[in-house]
Structure formats: C-alpha cells, structure tokens
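One chain comes next, on its own, written as structure tokens: the form predicted on its own.
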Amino acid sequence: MSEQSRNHKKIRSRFRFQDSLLGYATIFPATFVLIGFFGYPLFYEVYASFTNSTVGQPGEWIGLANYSHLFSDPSFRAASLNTIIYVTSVQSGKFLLGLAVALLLSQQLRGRNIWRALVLVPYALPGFVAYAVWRLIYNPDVGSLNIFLMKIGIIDSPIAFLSNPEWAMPAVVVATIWKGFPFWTIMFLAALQSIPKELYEAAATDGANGFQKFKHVSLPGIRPVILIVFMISTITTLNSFEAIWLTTGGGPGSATTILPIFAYKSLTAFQIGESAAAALALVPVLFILVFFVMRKLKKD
C-alpha cells in the first residue's frame, strides 16, 4: 500500500470517528432524559417488588416473598385467569371486526369517506366518555340494551349486566372491542390500499374468487401489519385499566378483576411491594410476545 493510500485511510478513519463522536454527543441528552424518565421508575418498581414497603415506609428487603405470596394467593390466580379471558376475547373481537370493516371500507361504496370518518368516532372518544355511555346502555332501568331486548322478546325482565357475575365480563369485553376496533380497521385499511392492484387482476385472470383473492393476496399483504397491530394492541389490552375500572370497578366481587386492577387495589391498600410484584408479573408475558412478533417479522 502506498503512502498516499495510507494517508487517505487515516483521514477517512478520523472523519468516521469524528462523525461517530458527534452522533453520540447529539443523542446523549435525549438518552439521558429517557433513562431518567423511564429507567428510574422501572428500577424503583423492580426494587420495591423485593421489599415489604408500604406508603410512608421504605420497607426491608424480603427477596421473593411478595412473588411467593402472590402465586399462592387465590385472588391473584383468579385475576390472572380473568386477564387471559379478557385479553383473548378482546383481541379476537378487535381482529375479526376490524378486518371485516376494513375489507368493507376498501370497496367502492357510496359515501365511503364519510363511513371511514365515522368508524374513527369510538377510538377518538375519551375513555371516560365512551365507558360512561356503555354504563348507561347496560343500565337495568333505563338502558337501551335492556329495552331493546325486552321489546323483541328475548328477555322478560331487565338484566343488570355490570353487576351480574355471569354477564359482567362479556359486557366489558363488548365495550372494549367497540372502543378499540377502529385502530385495527384503519391500520388494516391502510395496508390493504398499499397492495398493488395488479396482484388482484392477476388473481382474477387465474380464475380466483373473492375468498381466494383474500387468502392468497390480501392476507399475505397485510400480515406484517397484523403482527405489529396485534403486538401493540395486546400490550395495551394487557395493561387495560380504564375500561374495567370505569364500568365495573373490577366487580362484582372479583368477576372482572384483571392484573392491573389487582395491582391497583393492592396499592390502595398501601402495599407498595405487593402492588409492584403484581404489576411486574406481566413483564415476562410481554417479553415473550415482543420476541415472538419480532422473530416472525424478521422471518417474513
């Protein structure tokens, strides 16, 4: 290698180092703020979960005692089962309804833009307003649902949906699906519109019917979006609080108590350590979910 080539290599290396140094210096303030804003609360929550701290008392280190107590607590196991039922039902409903509405709105309909705007209304409503409306709908005395069901002869007397252990969870699931499905619809609709029309034309030339076009063209085209939306929505639903708290408060009894509600009730009982342990019980599930989705996306 000539002397001139070595000099050029040194100069390029120096410039790369300076660029890297400038890049790190640029992102350091934001990184520092993020670590302080997100990292410290997370670190404190993890630390508190290994102590018997209560409100006003720092507590002492007790190791895994909080976790051991939780996993032997029947109410925690019931809340975990409720969480599985709630998340599975809500995610299934959002996916099916969101995909069906997206497929419908992707067609050439009269007033299509108006319908697309109306679909966003449930998602745009503040949670407090949306779930207050559903409380009114489910009201056994003046609720429109009971009035409608009685008029068409399905029931003979009003049902207290939110205070009946058998109906409380389905009622909350329906309200949550209604509030959240527009997000799935808009994401699916955007993905469907990005699929080249030539693929549908080629499928039609090959004699494919509507279902075959959906199976072999639409579904593969939106699969990455399905995975991403599924991950984001599942994380949101797993941490859902307002939907249940504003409708049933976790009741009647513990019929609709999921893990975030369980953690909150522990906190209101001034048990910071136990509340932190209950909240962190969801972390492994979230890690597994994110790992699965990222691996699938990379494979695709």
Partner chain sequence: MKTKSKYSKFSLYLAVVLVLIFVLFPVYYMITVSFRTQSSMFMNPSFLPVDFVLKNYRAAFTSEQFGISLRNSLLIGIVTTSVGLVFSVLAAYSLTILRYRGRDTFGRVIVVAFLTPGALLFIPLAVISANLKISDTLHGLMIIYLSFVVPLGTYLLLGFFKNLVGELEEAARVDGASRLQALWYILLPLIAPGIASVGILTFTACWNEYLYALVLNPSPQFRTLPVAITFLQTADETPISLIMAYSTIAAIPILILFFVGQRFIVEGLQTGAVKG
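Residue numbers count along the first chain shown, from 1. Everything numeric in this text was worked out from a predicted model, so none of it was measured.
In what follows, reference is made to the form predicted in complex with its partner chain, a form of this protein that is not presented.
Note that among 215 to 223, 134 to 142, 76 to 84, 163 to 171, the stretch whose heavy atoms approach its partner chain to within 4.5 Å in the model of the complex is 134 to 142.
Although the partner is absent here, residue 186 lies within 4.5 Å of its partner chain in the model of the complex, judged by heavy atoms.
Interface membership of residue 118, defined by any non-hydrogen atom within 4.5 Å of its partner chain in the model of the complex, is confirmed. Using a 4.5 angstroms limit between non-hydrogen atoms, residue 231 touches its partner chain in the model of the complex.
In the model of the complex, residue 101 approaches its partner chain with a heavy atom inside 4.5 Å. Exactly one listed residue, out of 108, 209, 72, 157, brings a non-hydrogen atom to within 4.5 Å of its partner chain in the model of the complex: 108. In the model of the complex, no residue of the candidate spot (66, 270 and 288) has a heavy atom lying within 4.5 Å of its partner chain. Residues of 261 to 278 that come within 4.5 Å of its partner chain in the model of the complex, judged by any heavy atom, are 263, 264, 267, 272, 275, 276 in sequence order.
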